[in-house]
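Listed next as structure tokens is one chain, alone, in the form predicted on its own.
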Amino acid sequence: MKVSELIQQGKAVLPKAEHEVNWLAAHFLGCGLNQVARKSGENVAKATVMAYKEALYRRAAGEPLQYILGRQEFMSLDFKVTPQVLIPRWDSEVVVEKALNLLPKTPCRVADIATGSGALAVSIAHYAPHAMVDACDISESALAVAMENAFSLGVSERVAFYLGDLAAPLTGEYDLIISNPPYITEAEMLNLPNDVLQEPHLALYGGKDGLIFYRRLAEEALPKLKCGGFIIVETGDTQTGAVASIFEAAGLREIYQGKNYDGKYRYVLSKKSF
């Protein structure tokens, strides 16, 4: 079978996702996305054809493309992802970029709570070489993936990983705390797309109103933030007002509700002044 035939088979299985067909083809051919068309006349080994077809049907059944490929780009870095971790999304990049802008240019401490794949923690360590990052998660299997990402991206000496519930494993004080906690409401969980439902529910479900972990962060994480330090959390696009109110009730006064690059309110940022 030639590469051109491989692509046609892919389009037949995934008729509305030509870009995904090309991503899968590039993955199994071991080439860049822009090289697939150039290889159209080349023959494909039988084992590659079989693996490609299996991946097509997994995707057609609703399995996320990132789990099939085992990778996801985030902040221009290549992260390993497995079904044990939430897939990093571009929405979170604005949170990391804001965090990087807030960090002092001197040695500092950062905590990433509910780290999952380690995307936030590892990206901060990569782009802020003066930062020491503590990352924690309640899932041991998620931490294993995060540790692999820290090692493969060359920051394992500056990112420490801790197993535990929310902020419980963290000690000392931090210049910045960042978190993308579970925030999907009970009602929203019933209507999530099939591919999203295949991501770990532990990383999605935020309680009946989606706000349980923000309340806990206000209570459990804020005491570990230095006076003058910052906390920044990602939220759902209807939640920034409620999260800001939670932070205000916890004593924070400088609170900012921020938008992502799509113009949607997706994060809350605050400075601790006590």
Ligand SMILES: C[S@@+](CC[C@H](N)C(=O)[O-])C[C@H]1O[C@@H](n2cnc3c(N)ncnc32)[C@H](O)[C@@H]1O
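Position 1 is the first residue in the sequence shown; the rest follow in order. Because the structure is predicted, anything quoted here is derived from the model rather than measured.
Same protein, other form: the form predicted in complex with this ligand, not shown, and the subject of what follows.
J.: Would all three of 10, 54 and 62 be in contact with this ligand in the predicted bound form, where contact means some heavy atom lies within 4.5 Å?
T.: No: none of 10, 54 and 62 comes within 4.5 Å of this ligand in the predicted bound form.
J.: Can you pick the one in 188, 165, 97, 195 that has a heavy atom within 4.5 Å of this ligand in the predicted bound form?
T.: Selected option: 165.
J.: Counting only heavy atoms and a 4.5 Å cutoff, which of 125-133, 97-105, 146-154, 110-118 contacts this ligand in the predicted bound form?
T.: Within 4.5 Å of the partner lies stretch 110-118.
J.: Given that this ligand is not shown alongside this chain, does residue 202 nevertheless sit within 4.5 Å of it in the predicted bound form, heavy atom to heavy atom?
T.: Yes - in the predicted bound form, heavy atoms of residue 202 and this ligand come within 4.5 Å of each other.
J.: Can residue 86 be called a contact residue for this ligand in the predicted bound form at 4.5 Å between heavy atoms?
T.: Yes, residue 86 is a contact residue.
J.: Given that the partner is absent here, does residue 58 sit within 4.5 Å of this ligand in the predicted bound form, heavy atoms only?
T.: Residue 58: no, not in contact with this ligand in the predicted bound form.
J.: According to a 4.5 angstroms non-hydrogen atom cut-off, is residue 67 in contact with this ligand in the predicted bound form?
T.: No.
J.: Can you tell me which residues in 175-209 come within 4.5 angstroms of this ligand in the predicted bound form, by heavy atoms?
T.: Counting only heavy atoms within 4.5 Å of this ligand in the predicted bound form, the contacting residues of 175-209 are 180, 181, 182, 202, 203.
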